[in-house]
Every structure is written in C-alpha cells, then in structure tokens.
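In the form predicted on its own, a lone chain appears below as structure tokens.
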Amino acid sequence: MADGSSGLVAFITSGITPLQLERLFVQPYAVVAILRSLPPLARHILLRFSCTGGTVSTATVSTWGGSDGQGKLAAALEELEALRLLMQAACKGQAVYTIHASFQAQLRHAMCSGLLVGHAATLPPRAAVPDAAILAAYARQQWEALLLYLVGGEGTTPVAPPELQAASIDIRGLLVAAGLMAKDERTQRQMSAGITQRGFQFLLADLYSQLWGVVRQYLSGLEAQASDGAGGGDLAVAINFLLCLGLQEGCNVMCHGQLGNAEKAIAAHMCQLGLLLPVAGGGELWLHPTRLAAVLAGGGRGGEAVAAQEDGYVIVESNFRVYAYTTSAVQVAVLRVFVRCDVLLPNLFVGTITRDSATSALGLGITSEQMVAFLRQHAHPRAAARVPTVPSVVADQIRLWQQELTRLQMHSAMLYDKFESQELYIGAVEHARQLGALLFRCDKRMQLAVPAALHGAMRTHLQERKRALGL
C-alpha cells in the first residue's frame, strides 16, 4: 500500500466525525476506495461480513484466521475498528462484531450493481471525447506545474480553466498550510515561501501519497470554510465526488451543467490540479477524469500501476551512474536533490550518486529508503525487468552513508569537577551510577559527567553530602 499517512484510510481515521462518516457512506464510492486501500486480510473480513446479517460472534470471527494467523487477524480487526467499520458489542449474552450498517449496504450495492449511478447517465458527443494522449498530457502539465513551483518557489502555479468561470485554489496557501512550504520568517509573505524538509520528502513520495497529501489539505480547507460559514461545502459530498472521478470505469464522463453548485466548485479545483479535463461539445461542457483521478481512487494499487507504466525513465548502474530519459523539469529537479548532475541534454539527465549528494539529501530529512524507493518506482521498463532493479551495491552504500550520519549522537550533559574532597567525589560517582546516568569519570582529575536532565538530582545529592561532611 502507499504511504498510509497520506491516504484515504488515514484521513477517515483521524479527520472525520461519526456524522460525516455516516454521510460518506450514502454513496458507494468511498466504500470501494476504502476496500481497495486496505490490506488483503482486512478486505477479506469485510467481504465476509457483507454476506451476513451484520453481526457475527467473536468466536466465529476468530476461526477465520486459522491456528497460525491469529496475530494477523487481530491486527486486521484492530485496523477495522480504528476505521469504525467494525464495532464490538454484546448480543444475547455473547461478544459479537457488528459491521457499520451503511458501509455494508453500499458494499452490497457495489458488488451487485456496480458504480454506474449519478453523473454517468449522459454520454458526451464524439467530438467531446479526447484521446488518452491528450488526457495524460493535461494531467502531467497541471501536476508538474504544482511540483515545479514547490521545488523552486517561482514561476506560475496551475490555474483553473477560464471556461469554468470559477475561482482558482490558492496553491501557495495550500502548500504552506500542508507544511510543504514555509513563509519567509522576515517578511511572513507566502510569495517568498521556500520548500521545507517535509516538502523534500513529499517530492520523493509515490504519486498516490502526493495526491492524497494535497487533496487532504484541500478537504481540510473546505471543512474550515464550512465551519466558518464561508460556503465551504459538505466534506462527505466532496470526498464522494472526488472518488467518483476515478471509480466509474468506462462511463466516467460528467456533464458540468448537471452538477450542483458545490460540485462545480470542486470540479474547477480538480481541473486546476489535473484530475479533470474540461472539453466543450454539443453545447455543453464535459469533464473527463485523467489518470490522476484513477490513482487517487485506486488505493495505491491499480492506479499506481498505471502511473508506473508511464513514468519509468530512470536507469541506475552499479558504478553509481544515473541515466534519466526525461524532458520534465520537475523530474530533473527531483533527481538533483540526491544525484550530482554531470550532463543535462534536452531529453537526457546523466548524473552520479556521490557521498556528498546523498548526505546532502539526508541532511534535508530524506531517508535512504526513500531515495532507493524513488529510483525503484521510476525505473525504466528495461531496468525494472532486472532483479534487483536498483543494484545492491548502490542501495547498500546509500544506506551506509545514512548510518554514518547517525554513528555519533550529541546529547546535553553536565560536567562536575573541583570536588572539595575525595570522599565527596566517590559518593557522587556512586550516586550517578545508581541513577544509571554516569557518562564519564576521571578519578585522577576527580571529574564526572551525567545527562543534563539529571543535573537537579545530582545537585541535591551533592548539597546533602556537603552538609553531612561539613564542607
């Protein structure tokens, strides 16, 4: 699964009230997206519950994991309880698990009837159906404009298409609120914002985590506007609309004129981010979901596979050379974070992973695993076919460079010296040893060191010993 900290499951766990959760399950889109995002065992449990009356005894559920899978079963049940999809209760004197009734109803609906509801009823004229290349190019253009602004803090941000006649998202404010960019501390202006440590980590994350990181902040903004009475719209309606974009396979075109006011505003913002492409035809404006919408609703699995097939462009050799066949300024900028650029041609980036380039990235908060995962995720198809995709000597060396930085650690400590007597010094050493805090001792110079946090305890002990010794 993609990074769980930025996905739909994490958002539901931490950011949705029980009332919003109930409203979320009015339609099946969130149900299917959650099911895709969960680990296989958790999905298996929910599918079993969908065919029951909604209540199953804990004794029966415990048999689903087998004798050697009780630990994994318990972890899956705990995750489903955290999502509030399963609840423990008592029924007729026995402990039972109860599935969320609305979730069960929509899961059954999706299994039996599919997702062809709502906006998919009308089909656009042939002239308003763009080919896959146009959809992919638009999605890449809009999303890379956002990433390029994040990398450099300059240039133009993506804007909503003028034909939608809607206000654009404040991209600068969105990135600052998400913690990906920081305002200039002297001017406190977003115009002079720069990328943060979290922003560098965002750049190396997979596409699913990136999308949900931005969309999650967008949804938080909608919720804040709604609570302030600024017309932010219903959070559950917004989430279902976003997931609807990528889940209605084959019939996922929407007529802009048939959307509600709240949905029109969200649609304009999603066009700005590259999830929707507006195309005019037959006197109407039609909204076509791009591959980014499929990634957003794909749970980090199916949609991410589509992205990986298109995005593979990096070849890493065992001599630490990196070749990237790309014309994207964003992809070159991301590689420059941890790869030294040696040659830059119109369609080819040639660089070397060096100790200085890797440790510089590590200093920004990027981990060795994130660097290796990025190279593996964006590997050229020919490189992806070999095992391992990233040569072991390269991956292991990047990890060793990270370990070098953590070999020595700095901690605040207090040094005690100039003791009035040998007896006072020996007593202080014994007391520090009893506290498990003796970091250093030198009997010849009568010096010892303890963590700074225990300075108060040592000072009290020394004062009492001085009084007892008459010093």
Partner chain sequence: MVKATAGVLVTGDVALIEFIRWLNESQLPAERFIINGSLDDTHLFIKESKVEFVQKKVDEWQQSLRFEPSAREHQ
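Computed from a prediction, not measured in an experiment: that's the story for all the values here. Each form is matched to the other, and the largest set of C-alpha atoms that superpose within 1.5 Å is called the rigid core. Numbering follows the first chain given and starts at 1.
If you look for the form predicted together with its partner chain, you will not find it shown, but the lines that follow are about it.
K.L.:
Quick one: does His380 come within 4.5 Å of its partner chain in the predicted bound form, counting heavy atoms only?
P.N.:
His380: no contact with its partner chain in the predicted bound form.
K.L.:
I'd like to know whether Arg445 contacts its partner chain in the predicted bound form, with contact meaning heavy atoms within 4.5 angstroms.
P.N.:
The answer is yes: Arg445 has a heavy atom within 4.5 Å of its partner chain.
K.L.:
Using the partner position in the predicted bound form, report whether Leu424 sits within 4.5 Å of its partner chain, counting heavy atoms only.
P.N.:
So Leu424 counts as contacting its partner chain.
K.L.:
Within a 4.5 Å heavy atom cut-off, is Gln409 in contact with its partner chain in the predicted bound form?
P.N.:
Gln409 belongs to the contact set for its partner chain.
K.L.:
Just one of His109, Arg216, Arg84, Arg340 has a heavy atom within 4.5 angstroms of its partner chain in the predicted bound form, so which one?
P.N.:
It is Arg340 that has a heavy atom within 4.5 Å of the partner.
K.L.:
Which pick from Arg321, Lys264, Arg140, Lys72 sits with a heavy atom within 4.5 Å of its partner chain in the predicted bound form?
P.N.:
Exactly one residue meets the criterion: Arg321.
K.L.:
Please identify, from 35 to 43, 413 to 421, 22 to 30, 58 to 66, the stretch that has a heavy atom within 4.5 Å of its partner chain in the predicted bound form.
P.N.:
Result of the contact check: 413 to 421.
K.L.:
Going through 346 to 377 from first to last, which residues have a non-hydrogen atom within 4.5 Å of its partner chain in the predicted bound form?
P.N.:
Those in contact are Thr352, Arg355.
K.L.:
After fitting the rigid core, is the C-alpha of Thr406 off by 2 Å or more between this form and the one not shown?
P.N.:
Stays below the 2 Å threshold, so no.
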